[in-house]
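Look below for two forms of one protein chain, each set out as structure tokens: first structure 1, then structure 2.
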Structure 1
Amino acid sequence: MLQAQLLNISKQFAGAEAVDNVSMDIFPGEILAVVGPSGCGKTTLLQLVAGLLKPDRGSIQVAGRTLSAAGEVLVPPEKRGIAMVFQNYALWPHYDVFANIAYPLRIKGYSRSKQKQTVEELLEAVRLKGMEGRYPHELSGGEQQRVALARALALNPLLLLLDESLSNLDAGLRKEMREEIKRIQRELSLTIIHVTHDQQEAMAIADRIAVMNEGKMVQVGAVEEVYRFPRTEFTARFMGDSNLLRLNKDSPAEMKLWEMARPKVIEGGGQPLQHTPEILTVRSEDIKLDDVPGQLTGEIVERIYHGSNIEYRLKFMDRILRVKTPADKFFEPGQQAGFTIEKATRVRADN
């Protein structure tokens, strides 16, 4: 059974499609990450699911119940059993931590002692014990985030929506919170839609990834599938450092590279792509460098350390390629290096 299903959802703002004919299945107990550049419609999509916006077309079902359909919000947000953690946490400044977390319980009509007990459990779950009496402005960003999460969990939601919830945290805290969310998700077997513009974060947290661009759902699939077999030019660019090679008769460099990559193409799962013109994408770690001149030879023009690996800019005729090598492979800028393409995938061109 599906936990949630979106069918042909569309939403316009002032004539522009913010969400454009999106269909998506969400399975029980999974974390689905929706990634895309900022402004692509992620927040709008979540608000549609939460019932804060009315879809122009399409329908939304959660746990077998139709919540929005045919341009109507059938079930208002307060009756949906969907929780959301907002990008800026949206903690109420005039309530302390306890009152913030207890608010959904208060509305459900829990007794004071029951509220107390539940809030205590939640605070334990997000590791904020003893902070009940603090006000939001007395908390750090990470703590505010945990309070917002606890408040969302207090609803015991059918579906938890996270809107860029980790984006405002610094790198260390982000990793910690990511693991925290995964732990809580496992413990409570929650179903989560996590929205982010950061593809690294999406890959780290999610079971499946949905790539969004300009309001459209471009590709949905398991994490490594989307990473290894991007089906469109956009996904390839967005999900990693890829070199896109076109069959371009006017550029000898491009032609040579394309011919070298073509035999290395591996087909991903799903339907083979049926289209021309064909674009090949080669990820930066799928190009091998050699100190001796090889079948093709380029010049190292730039070197960027990343600690665990090194990134090079390799000039081949008039093309610059991105190449990533393990940290022990060492080349000097100006040095000639032979290279081979090990793997490539075919993608559909964006128009």
Structure 2
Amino acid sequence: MLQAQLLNISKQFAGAEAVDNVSMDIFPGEILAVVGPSGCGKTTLLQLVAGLLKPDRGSIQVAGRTLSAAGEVLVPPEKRGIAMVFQNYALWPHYDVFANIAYPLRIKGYSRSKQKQTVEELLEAVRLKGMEGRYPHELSGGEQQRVALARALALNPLLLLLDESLSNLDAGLRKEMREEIKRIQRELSLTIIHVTHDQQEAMAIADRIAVMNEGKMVQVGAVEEVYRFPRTEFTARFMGDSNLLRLNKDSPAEMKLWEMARPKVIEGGGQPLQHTPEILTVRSEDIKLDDVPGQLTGEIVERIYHGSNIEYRLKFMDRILRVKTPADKFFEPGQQAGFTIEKATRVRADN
């Protein structure tokens, strides 16, 4: 059973396809992260689901009910059972926390006692109990985000949409709120579509990831599947640090790397991809460094310390490779290092 389904959704602006024939299934109780660069159509897709925009083509269903079809909005936004948290939270500055959360309940005509009961339950769920009398300007960014989340949950939505809702927080708060959203989602059995341009955030929060580029849905799958088995050059580049190897007979470095990587190819589902030209992607963590020169030897040209790991730039002939090692694997710039390729994945060229 599906919680929501998008079939062949398209939306144009000024003749350009912002969302181009997108189909996607959303399962009950999952967090689906939609990722991609700025302008790829992520937010437009979310607004189409919410009913804030009218699709040119395709249909949208939630909980078995058709909301949009054949270019028409059949169910208005306020009757869709969908809630949305925006990037700027959109809290009422002149309302306190209680009034902000209770607002949709009051508009729906809930009794005062029901409003009070629901708000108290939500304050408990988002860990803001005792702060109901504060105003938005008296709250931290993380606390404002929790208020916006509680308000979105007030009417027990069938689907919760998060539009870059963590992007205004600093790194520490983003990590904290990712964990909070996952906790609340589990406790309340929520179904969430979370839009972000941050692939690390997507991998940390989601059950599945949908990758978009130029209005198209490039790949949808479990987090590990999308990361380990990218189907396209774009997905390989976007989802983590990858070294792309092309079958280039005019480059001695490329040919040597291809020769070493080709036997290590892994492919999702055991089904080889049929395409030309072939490209192999090698994740930075799948290149192993050794301080003893080996069959492949390169020069360390740059070291970037990340705390839990170290990122190196390794020069091999005329190629620069990105290599990520544990923090205790220490090499100096200018040092010669042997390296081996542990895994590679075949992907489809973007062109």
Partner chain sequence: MIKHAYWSRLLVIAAVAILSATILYPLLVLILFSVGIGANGISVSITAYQKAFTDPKTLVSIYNTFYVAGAVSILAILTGGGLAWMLTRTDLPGKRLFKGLIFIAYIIPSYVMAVSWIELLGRNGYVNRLLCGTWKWIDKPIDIYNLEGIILVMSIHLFPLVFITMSSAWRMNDLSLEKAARLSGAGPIKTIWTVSLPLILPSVLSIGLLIFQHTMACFGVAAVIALPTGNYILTTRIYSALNHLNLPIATASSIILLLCSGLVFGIYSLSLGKKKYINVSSRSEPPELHGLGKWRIPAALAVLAVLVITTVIPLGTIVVSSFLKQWGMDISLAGLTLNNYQIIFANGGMGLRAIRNSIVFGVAAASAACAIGVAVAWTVNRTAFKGRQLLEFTATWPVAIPGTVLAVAAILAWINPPFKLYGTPWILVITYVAACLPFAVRSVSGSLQGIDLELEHAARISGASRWRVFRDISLPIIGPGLKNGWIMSFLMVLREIPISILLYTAGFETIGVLLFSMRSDTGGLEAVSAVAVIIIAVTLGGNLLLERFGKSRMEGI
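Definition used throughout: the rigid core is the maximal C-alpha set that superposes within 1.5 Å between two forms. Remember, predicted model here, so these are calculated numbers, not experimental data. One-based numbering along structure 1's sequence throughout.
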*Looking at both forms of the chain, which one is the form predicted alone?*
2
*Verify the C-alpha shift of Asp163 between structures 1 and 2: is it 2 Å or more after superposing the core?*
no
*Is Val195 among the residues whose Cα moves by 2 Å or more between structures 1 and 2 after superposition of the rigid core?*
no
*Core aligned, does the CA of Arg186 move at least 2 Å between structures 1 and 2?*
no
*What Cα shift, in Å, does Asp96 show between structures 1 and 2 once the core is superposed?*
3.0
